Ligand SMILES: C[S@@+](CC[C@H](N)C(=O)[O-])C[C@H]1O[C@@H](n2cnc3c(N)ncnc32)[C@H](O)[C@@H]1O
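One chain follows as structure tokens, the form predicted on its own.
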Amino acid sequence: MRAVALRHEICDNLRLKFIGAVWHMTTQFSVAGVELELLRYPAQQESNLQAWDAADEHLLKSLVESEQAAVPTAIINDSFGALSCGLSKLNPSWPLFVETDARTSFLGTEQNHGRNQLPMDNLQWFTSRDTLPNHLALVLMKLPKNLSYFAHQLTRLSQVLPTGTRVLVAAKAKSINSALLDIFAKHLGPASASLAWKNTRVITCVSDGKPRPLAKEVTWAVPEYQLEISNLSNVFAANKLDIGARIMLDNLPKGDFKSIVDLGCGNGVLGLRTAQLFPEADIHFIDDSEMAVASAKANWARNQLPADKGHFYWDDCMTHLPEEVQPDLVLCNPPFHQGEAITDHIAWQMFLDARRRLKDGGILHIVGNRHLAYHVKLQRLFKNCTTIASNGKFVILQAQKK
């Protein structure tokens, strides 16, 4: 009961400081002599998910057992820094080149290095659009959920890795099959999987030294709104308008909006449409994915919208949004997964951030799967919630800050 009371108190204060939310969370990482304390980002959140998985453990265990030397190493898709912290713990001067598309991964890695008093001067940071150095001797990866994005990452590696460079990719055993190994062969080089350990395997791919060209950009139209859209590889809805966005576009709110946030913007289609409907408004695009923000920015230019009215932020919800931005409308199509984990804590943080940043009288307008019951959260936070539209799968909800 105390846990429930604490959670309600925090919600009423409208602060994302869920001190009691780590009640069941495992934070002590221990494998092959490597001991760490690891938390997801942000550290205080309503989630009992741990900051690593067995695939992280398997990869570090393999490196320790093989007595891997501290060579220039790229780490790709390290969710919250388990791999980079592990290698820094083994050798504080291990040269690491960390690539991520997720702002929460970047911030989580910083957080966990600090928590474990590990140096960070051995790390260099890269987004998934930056070119990695060509002197890498080893690459460590976690298999992402999006295989098109994974193929893109392998292709980029093919352009910089010397022949014979090993790429070790950790994944759940059930995710590894002949089709996945074919992706390696097509985009980087031959690959084989290890024996299973804790239901995970480590795939070893050896670069064949043959650079592959990147896939051509795919552009598609939304003719009913006179929009042209393009996505980078790690952005949801690769070449068509997803059905959640479509019902949202058909039911956008009416009003005299001057400052609008497209929160979790993806390719930016919601913000682009509001720019057409409210030409005097400033539109702020925010996403945890750097590729999403880049896609939204490119789509803003592609559709010839005013350069001074579009603003773009690679951020964890609205954590670092400039204080002067006080929207009167927040649009949101919240994700209900983070990597492989199914979770609603990201939606919860989005709603809290929206309630904190909206002007008095401002509106949060969201779309979500019906079964997620977002109306319960909105009613608790805003003390009001209206159903605007619904179909068999989705519901559009609106809450007003009063």
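The first residue of the sequence shown is number 1, and the count goes up from there. Computed from a prediction, not measured in an experiment: that's the story for all the values here.
One more form of this protein should be noted, the form predicted together with the named molecule, which is absent from this view; the next part is about it.
By the 4.5 Å heavy atom rule, the three marked residues F236, D315 and P334 all count as contacting the named molecule in the model of the complex. Contact check for D287: a heavy atom falls within 4.5 Å of the named molecule in the model of the complex. Put simply, V31 is far from the named molecule in the model of the complex: not one heavy atom of it is within 4.5 Å. Taking non-hydrogen atoms only, D242 approaches the named molecule to within 4.5 angstroms in the model of the complex. Contact check for G266: a non-hydrogen atom falls within 4.5 Å of the named molecule in the model of the complex. Just one listed stretch, out of 130 to 138, 108 to 116, 288 to 296, 83 to 91, contacts the named molecule in the model of the complex at the 4.5 Å heavy atom level, and that stretch is 288 to 296. Checking T104, S158, N303, T100 for any heavy atom within 4.5 Å of the named molecule in the model of the complex turns up a single hit: T104. Listed residues V169, I283, L270, L154 were compared with the named molecule in the model of the complex; L270 is the one with a heavy atom within 4.5 Å.
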